[in-house]
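Consider the single chain below, provided in structure tokens and representing the form predicted alone.
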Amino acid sequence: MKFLRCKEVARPTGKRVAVVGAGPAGLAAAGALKCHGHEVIVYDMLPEAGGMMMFGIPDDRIPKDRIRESVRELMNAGVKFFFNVKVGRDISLEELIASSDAVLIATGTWKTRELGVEGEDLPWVIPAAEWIVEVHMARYGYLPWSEVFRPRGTALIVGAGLTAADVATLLLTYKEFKEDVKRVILSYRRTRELAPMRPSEFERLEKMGVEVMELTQPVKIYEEGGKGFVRLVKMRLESAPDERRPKPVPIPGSEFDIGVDVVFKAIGEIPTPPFGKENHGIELNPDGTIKVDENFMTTRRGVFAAGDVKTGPSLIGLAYKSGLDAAAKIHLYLTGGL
């Protein structure tokens, strides 16, 4: 995946753009804006660029060396990077807005969605996306392994998207875990035909040894006698006129318990804008994504948003395209066209 898509960078325009987030959307935008001759400064909370491409996906699913090579091309072209800097904590978004001619927010979706069941605050109930990032931080030498949760025994993964598949892959293929994890179970409240994960991915996981429990959903997580348990309820599907997919409905009296050592929450991620209550005049949509107009501009003039923080969780290619499209609008804005 190339982020710098021009052979020669245009002459400097004197305009500065701050990009918040070095995932696929932010990097794609940085490359396009640099090609136009703008000064581009990228801020990211991680120790190197790539975002979820680098730290949130197993090594065998995306070549990390190619990401690093493409980032080096950006650096050689003059894009500046500030790593281990979290906007909103280490530097204020308002400061970036004041010191830049335009700002692009591309901070993605880094927080795992809650299950909403009793017991999910137990220490062995783990948010999947954050754990995957910590694993790769340790594998690449940025974090001591002592700070990473090390699963053992029986692992239950709740969810059926790519994050759930990635957790299973790490548990069963990474040398740090595969000897200690004896059983991996995946619970999904619908059937595999209706899952975000492709049926072929289910087949791959099952060949690896994953046990798939379709039409089940956790209703309680608890400890008893020093051991961990999850209470699951069986589900049935009901068609609803306002639903894109059949709605899963619990079957009364169908609850059953299984013993587990760790539970991974992998039912999706929520957007993570670089601000809290002090929103700097930037409005959010009801689902937590950043509200933008047809030009990718937020409700604060000169501030744009792209990628998953704008759309919600998506695929790498869609986030990359979103970054390119946003960069085109930012260039238009910087040259007086908006």
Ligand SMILES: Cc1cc2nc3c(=O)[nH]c(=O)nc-3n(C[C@H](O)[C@H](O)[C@H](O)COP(=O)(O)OP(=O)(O)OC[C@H]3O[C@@H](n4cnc5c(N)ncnc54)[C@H](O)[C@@H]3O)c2cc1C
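Remember, predicted model here, so these are calculated numbers, not experimental data. In this text, residue numbers run from 1 along the sequence as written.
Another form, the form predicted together with this ligand, is not on view; read the next lines as being about it.
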Contact assignment for this ligand in the predicted complex, among 282, 67, 57, 297, heavy atom within 4.5 Å: 57
Selected contact from 35, 41, 46, 270, since only one has a non-hydrogen atom within 4.5 angstroms of this ligand in the predicted complex: 46
Interface stretch in the predicted complex with this ligand - options 73-81, 107-115, 238-246, 204-212, non-hydrogen atom within 4.5 Å: 107-115
Touches this ligand in the predicted complex: residue 10 (any heavy atom, 4.5 Å): no
Residue 17, heavy atom within 4.5 angstroms of this ligand in the predicted complex: no
Any non-hydrogen atom of residue 216 within 4.5 angstroms of this ligand in the predicted complex: no
Touches this ligand in the predicted complex: residue 181 (any heavy atom, 4.5 Å): no
Full three-residue contact with this ligand in the predicted complex, heavy atom 4.5 Å, for 26, 53 and 315: yes
Stretch 152-191: residues contacting this ligand in the predicted complex, 4.5 Å heavy atom cut-off: 162, 163, 166
